[in-house]
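Next up: a single chain in structure tokens, the form predicted alone.
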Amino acid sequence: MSEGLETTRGFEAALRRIGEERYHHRHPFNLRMHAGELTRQEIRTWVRNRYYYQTRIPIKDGMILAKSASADFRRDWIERIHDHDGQKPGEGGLELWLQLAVAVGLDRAEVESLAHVLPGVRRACDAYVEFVESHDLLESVAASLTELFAGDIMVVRIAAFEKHYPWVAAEGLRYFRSRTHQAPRDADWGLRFVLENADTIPDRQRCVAALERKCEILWGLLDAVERVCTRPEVVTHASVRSDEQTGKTTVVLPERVLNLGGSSGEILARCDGRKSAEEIAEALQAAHPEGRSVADDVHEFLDEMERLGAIRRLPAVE
């Protein structure tokens, strides 16, 4: 991992290489977005869930501020919080993202409530905050260097929305436009700080690892969004048997037998390859309104059934 890190030029090249190879511009969901292949529901699901990530950014930036004893650093870094929170209500990136939510057909208050954020998205975004909380200033700034690549992806995204998703009002794209100049500005500052302060190979290794971890977190967010838009289907070689008296469900697979309880049978009965995971979760939540986390439990259950080979996921359809 230390190869090429002996010089500042080699260190910078290593950081940029991570972006070229691991940034989420290569994630299948983003590739399909930019190719115009997402359904309206996929766009809405992404916008709703990505808002949770947007709300975590000023929180992690506040933590980074608290790590520095330098007033000069804090004066510079606080601009990132202003970019997202605004100087007053009705300004900033969070407001612009909510305007995007309205433009794609979502209810602003529902998105802002964070009530329907997927558990996988929460885990990914919270992991970023936890990383900053538990690592030093240098690693925390290094993790933010995904901004090196954010400006370019925003240019691609704007062009993709204008070409492929004309049903999204132009004013809804203002967040993307704002990031085409904010992200490169912040990235240049952050890169300079990292290059100046990581002056040993161990420090540079820690920075490389931090940026890799941030890329993993961004991929994890999109993984969760992509899964919920698919249409779960019980695999053809599985036999599902439910006992109404005991409430137990048994799934017989060639290599294992799964003994399940709770709402397992109710969920699997809806896995017919026609409904999306999101629709299934919404139906179960409506059927059991007394349970506050039913929808989250459904998503967790479907992920586990996929891992065990009991269901497969079909692509989303319009």
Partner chain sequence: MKAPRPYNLIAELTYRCPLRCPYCSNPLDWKAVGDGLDAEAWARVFREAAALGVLHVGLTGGEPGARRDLAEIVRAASTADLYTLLVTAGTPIGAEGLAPLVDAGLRSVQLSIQDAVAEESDRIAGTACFEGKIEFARAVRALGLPLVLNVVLHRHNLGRVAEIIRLARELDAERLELANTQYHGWARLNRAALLPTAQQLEDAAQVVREARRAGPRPEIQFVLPDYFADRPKPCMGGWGQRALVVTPDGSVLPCHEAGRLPGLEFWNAMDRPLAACWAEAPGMNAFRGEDWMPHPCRTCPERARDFGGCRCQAYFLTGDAARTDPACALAPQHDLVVAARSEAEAELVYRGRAP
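Predicted model, so just to flag it, every value in this text is computed and none were measured. Numbering follows the first chain given and starts at 1.
Heads up, the form predicted together with its partner chain isn't pictured, but that's what we're talking about next.
Visitor: Residue-level contact is defined here as any heavy atom of the residue lying within 4.5 Å of its partner chain in the predicted complex; does residue 241 satisfy this criterion?
Guide: Contact check for residue 241: yes, within 4.5 Å of its partner chain in the predicted complex.
Visitor: Determine whether any heavy atom of residue 309 comes within 4.5 Å of a heavy atom of its partner chain in the predicted complex, and answer yes or no.
Guide: Looking in the predicted complex, residue contacts with its partner chain include residue 309, since a heavy atom lies within 4.5 Å.
Visitor: So, residue 290 and its partner chain: in the predicted complex, are they within 4.5 Å at any heavy atom pair?
Guide: Residue-level check for residue 290: no, no contact with its partner chain.
Visitor: Within a 4.5 Å heavy atom cut-off, is residue 245 in contact with its partner chain in the predicted complex?
Guide: Yes - in the predicted complex, heavy atoms of residue 245 and its partner chain come within 4.5 Å of each other.
Visitor: With its partner chain left out here, work out from 61 to 69, 247 to 255, 24 to 32, 278 to 286 which stretch has heavy atoms within 4.5 Å of it in the predicted complex.
Guide: The contacting stretch here is 247 to 255.
Visitor: Among 237, 163, 185, 108, which has at least one heavy atom within 4.5 Å of its partner chain in the predicted complex?
Guide: Only one option qualifies, and that one is 237.
Visitor: Thinking of the 3 angstroms or more shift, are the C-alphas of residue 254 and residue 244 brought closer or pushed farther apart in the predicted complex than in this view?
Guide: Nearer in the predicted complex, by 3 Å or more.
Visitor: Can you tell whether residue 252 sits closer to or farther from residue 245 in the predicted complex than it does here, judged by CA atoms, where the change is 3 Å or more?
Guide: Relative to the shown form, the pair is closer.
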